Each structure stands twice: as structure tokens, then as C-alpha cells.
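What follows is one chain in C-alpha cells, specifically the form predicted alone.
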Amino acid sequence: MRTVKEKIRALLSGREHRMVLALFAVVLMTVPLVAGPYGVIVMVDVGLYSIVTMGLILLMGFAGQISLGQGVFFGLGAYMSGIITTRCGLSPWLVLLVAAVAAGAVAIVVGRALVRLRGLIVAGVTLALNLVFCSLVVSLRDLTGGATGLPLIPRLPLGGFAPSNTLFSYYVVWIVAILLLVFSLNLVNSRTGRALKSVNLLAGGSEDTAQVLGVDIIRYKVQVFAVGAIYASIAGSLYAHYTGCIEPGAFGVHFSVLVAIMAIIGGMTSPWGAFLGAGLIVSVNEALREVMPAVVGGSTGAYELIAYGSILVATLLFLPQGLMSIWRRLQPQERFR
């Protein structure tokens, strides 16, 4: 008879990863049945952050490019969806796709300019782009609503109707998240994924060796940069239609840094890490908002930063490959992607 550890290893094997994915989807679809309205709201936030973090994990964990500018593409998707649907009356679903394509096109242009840079230089440039984006949003007040924000964004429609309840948004966000997870897992195991692993130090690769072998490093890195931007844009569009009102503060440097922290904590060696990192950080954030005002009073902003920093330091010290490394230790070999 197999031991518990052996059963877990079998469950996480590459042969059975589809069953894990199906179980994950089933659990998510049943969460609203056991969670109250507040729990559903929190899970919507987890889903949105997971989508953005998943794209960043593909970029950082596989393409080896550090980015602190995902807020740009998240905001681009949100503002394109908000502006076009409110002023032109087009279908939000159509605009979501248009915004994703536009974000991908912008990312290709930006990616080609950044792909030859490495390390902290890329992080600094993307951080600067995030600052520029927020400044433009505030300056173009006639188009974006400026610092006061853009209100009256319509809900995503369903068969000609626009459901206003959070439950509908929950299912939309998590269905999209699961579909993008499936795409990400396939991408990781595709030719592009294998090429990226050959140049990524985290995966034991070498960029110089890959170049000698004829791997088109620039093309693959630009492609993944565009994929990460598309993910962020889709999440931004969903966010805009979910909240009904957007303002530039939601897409600032704080957002981009928080997503990067989620990627590091969850683990950058698998798209699954996005859900672990986003789930942990959002849960800690909500717990602080509930507990700290009653304990110390006032804003919880400073305590949130302390908590994020403490979790990040602890992860880097004890789990340098993120929470996903705990799962990987239960396997005889790395087959679960």
C-alpha cells in the first residue's frame, strides 16, 4: 500500500496534472456556495491579481526579465475598456479583446527596446514607464477623467443583460483565470517555453549557450513580454467593468511592486505560483484591514508594507523558489507544470 507521501507524489505527477487542474476549477466554482458575500469579493480580487501575476511569472520566471511596470498594461486595459464603452457604446466583450490586442502591440514595441537590457536596468525602465503612464492619465483629464477618475463604466453583459451582482463577476474572473492558466501551462511546455528555459538561469539555462545553439532569444523574450501585457490588460478590463469606476491611483507603482512580490512569494518556476502568491497577499491585506483599525486605529497602510516586506524576506530566506517549492519537494522529479 502506498504511503500518503507517495499518493501526493502520484497526484502531482505530470500524468495526472489535468486532474489537479479540474479539481482546482471545481473547487473555485463551488466557493460561492460556502463563502459569504465578503468572501466572494475577496476572491474576485485574488482572481484579478492572479491573472496579472501569472503573466509576470512567465516574464520573470521564464524569460528572465524583471518588470515593475505591469500597472501600465493593467491600466491600459482598464482605461481603454472604460473610455470606449462609455463614449462609443461598443460591447464590453469586444472592447476587452481590442484592449488586449492593443496592449500586446504596445508591449512588442516596448519589449524590443528593453529586451537587450538586463537585471535592474529593466526594472528601473519599466518603473519609470509606470510613472509616466500615471502622469499621462492625470494630465489627459478630458479623456480619462484625470485624478478624479472615470465613472459610469458599464457591467459586462450576459445575453443582452448587464448583471450587477458580484457573483457574476466572480465567475467571469475565475473562468478567465482558469483558461489563462491552461494556456500558460501549455506555453511553458511548448517550444517557446523550452527555449526560454534554455536561456533562463532560474531553470539552469545559459543565454550565451542558447545563442550558440541558435535560439532566437530576442524573439522569444518579446513574445512573452507581450503575453504578460495581454494578461494584465485582460485583468484591467475585467476590473474596470467590475468596479464601474477607475482612477489612476489603482495602476501606480504600488500595484506593480505588489504584483512582483506576489510572483516572488508564489514562485516563479510555475504559473501555479500566481494563485499562491496572490491568495496569500490578498488574505493578509484583508486581515490587516479587519484587525488593525480595531487594535491601533487609523490607516493600515504602514502595517501592510511591513507585512509585505516581512513575508517577502521570510520567503527569500527559507523558500527562495517560493511557495511552489513546497509542492515540488513532494515530487520525485519536476514534471508538474
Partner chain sequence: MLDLSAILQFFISGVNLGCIYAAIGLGLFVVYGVTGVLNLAQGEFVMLGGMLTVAFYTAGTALVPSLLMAVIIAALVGAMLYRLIIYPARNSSGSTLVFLTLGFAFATEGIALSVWGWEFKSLPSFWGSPNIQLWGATIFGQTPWVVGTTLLLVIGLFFFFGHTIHGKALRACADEPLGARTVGISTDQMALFSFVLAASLGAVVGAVITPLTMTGYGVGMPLTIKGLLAALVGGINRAEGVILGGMALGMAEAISAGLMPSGYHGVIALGILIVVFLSRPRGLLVAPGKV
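Nothing here was measured: the structure is a model prediction, and the numbers come from that model. Numbering follows the first chain given and starts at 1.
A second form of this protein, the form predicted in complex with its partner chain, is not displayed here; the remarks below concern that form.
Taking a 4.5 Å heavy atom cutoff to its partner chain in the predicted bound form, the contact residue among Ala147, Ile84, Leu97, Leu140 is Leu140. Leu127 is the sole member of Ile153, Val176, Met80, Leu127 with a non-hydrogen atom within 4.5 Å of its partner chain in the predicted bound form. With the partner omitted here, the stretch from 37-45, 279-287, 58-66, 22-30 that lies within 4.5 Å of its partner chain by heavy atoms in the predicted bound form is 58-66. Annotated contacts: Leu90, Leu238 and Cys245 are all free of its partner chain in the predicted bound form [non-hydrogen atom within 4.5 angstroms].
Its partner chain is not drawn, but in the predicted bound form it has a heavy atom within 4.5 Å of Leu316. In the predicted bound form, none of the heavy atoms of Leu76 sits within 4.5 Å of a heavy atom of its partner chain. Mapping the unseen interface onto this chain, Tyr308 counts among the residues with a heavy atom inside 4.5 Å of its partner chain in the predicted bound form. Though the partner is left out of this view, Val172 does not reach within 4.5 Å of its partner chain in the predicted bound form, counting heavy atoms only. Along 98-129, residues Ala113, Leu114, Arg116, Leu117, Arg118, Leu120, Ile121, Ala123, Gly124, Val125, Leu127, Ala128, Leu129 each place a heavy atom within 4.5 Å of its partner chain in the predicted bound form.
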